[in-house]
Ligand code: BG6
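Below sits a lone chain in structure tokens, taken as the form predicted on its own.
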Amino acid sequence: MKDNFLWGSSISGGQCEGGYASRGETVVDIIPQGKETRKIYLDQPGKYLQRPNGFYPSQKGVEFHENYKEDIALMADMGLKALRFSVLWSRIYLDDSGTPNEEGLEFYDCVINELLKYNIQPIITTIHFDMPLWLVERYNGFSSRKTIELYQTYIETIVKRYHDRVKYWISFCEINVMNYFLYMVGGAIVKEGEDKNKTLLQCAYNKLLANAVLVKTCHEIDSSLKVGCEVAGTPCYPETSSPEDYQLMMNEERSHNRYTDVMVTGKYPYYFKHEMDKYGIEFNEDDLKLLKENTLDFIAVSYYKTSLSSSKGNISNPCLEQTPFGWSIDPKGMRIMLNKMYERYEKPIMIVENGLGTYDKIEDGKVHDQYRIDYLNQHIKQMKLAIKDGVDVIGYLTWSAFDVVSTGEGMMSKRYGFIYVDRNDDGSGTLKRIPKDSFYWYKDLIKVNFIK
């Protein structure tokens, strides 16, 4: 691997920070825990906009806000070269008054400086499923152009503040996941009588503009900055050789590629433009010019699993094992994804999420997670093969540095981290941090900068 390859890990404010009393609410702060119900409310929050009494796991996370020095020291001991985290917009702007919260800005100053103290490169995501709730309540999120203006104010504030220390910027986390979770990713609520597809496409139009605004802002403030947007890597196989299954696969891939197509090429591909026209989304020439002139420097991608397209509906791939949470395990799919992505765009790729969400158990004060080591090792080997294929991969960041509240379930027991956090699904626990076996394995791997 190249000496400047970014071995690292990722976290997000909405899943780990806590510090609820010193910031505004985010979209996930009002979503309850629950494997079945949570996914419904991540798409449309329903009654939870009224904040009924209950347990909301994202409000406290794992209290990174209070423990960041200890956590970063552990990351330094592991040898991380990079940490990708999100700045909470709701900590920087408590409302739409245009006055930033200095206390929030100072917190991220401290996080960035603490990382740099240990030579860990900070990578900032501006929104990671943690949009301010006031944006939803006042403007219905990215369904409104006003949100682009407010986003520009927000990112100008943080880029000017941190650009001297942060060189990699990511606009959004998994922008294509908006296809499934409109409220969480787009900040929009579909009102009675409205067409959800139209609201989704309007959010897409405005988020793509906002991404271009970040690129433009970063490059104008500091020409050395590199800007990407994270997409969820979702390779899809046809179940059979039937034309029907292949057509379904093509449609599925397009639904995910359409966002990156615009952000990398600076224009709408014909199939995406056709869909926009179908739902009456109006194009503005100035908007199209902004997109054309402000394209991504790199692509950030997450990779967890692959799927099957079948005329029979949703089915599991019989060729693959599954995690305890029903996600397919497909290391070779990562090599396939990286090659297809690089073939399509020829932009540097940073893997910013890859990991195994499963149950961990403490035994004699330790966590023996050989299953996580095996999972990560298999995926890293496939990444290395993709690099040998000629793919320009500039970094590999796992999900996650330490255990956080899971997005889909709101559970702590679905654990991804190298560091165990003693917090239970009901919020109880000591918050003690315990390095797992995978912590020491990753430390050794980074040290030799090679695949074992």
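So that there is no doubt, residue numbering starts at 1 and follows the sequence shown. If you're wondering where the values come from, they're calculated on a predicted model, not measured in any experiment.
Below, we turn to the form predicted together with 6-O-phosphono-beta-D-glucopyranose (BG6), even though it does not appear here.
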property: Listed residue that, although 6-O-phosphono-beta-D-glucopyranose (BG6) is not shown, lies within 4.5 Å of it in the model of the complex (heavy atoms), from 43, 425, 63, 409; result: 409
property: Selected contact from 134, 345, 327, 162, since only one has a non-hydrogen atom within 4.5 angstroms of 6-O-phosphono-beta-D-glucopyranose (BG6) in the model of the complex; result: 327
property: In the model of the complex, segment of 410-418, 44-52, 26-34, 386-394 with a heavy atom within 4.5 Å of 6-O-phosphono-beta-D-glucopyranose (BG6); result: 410-418
property: Contact test in the model of the complex: residue 128 vs 6-O-phosphono-beta-D-glucopyranose (BG6), heavy atoms, 4.5 Å; result: yes
property: 4.5 Å heavy atom contact, residue 205 to 6-O-phosphono-beta-D-glucopyranose (BG6) in the model of the complex; result: no
property: 6-O-phosphono-beta-D-glucopyranose (BG6) contact in the model of the complex: residue 353, any heavy atom under 4.5 Å; result: yes
property: Interface membership of residue 173, 6-O-phosphono-beta-D-glucopyranose (BG6) in the model of the complex, 4.5 Å heavy atom rule; result: yes
property: Residues in 6-43 with any heavy atom within 4.5 Å of 6-O-phosphono-beta-D-glucopyranose (BG6) in the model of the complex; result: 15
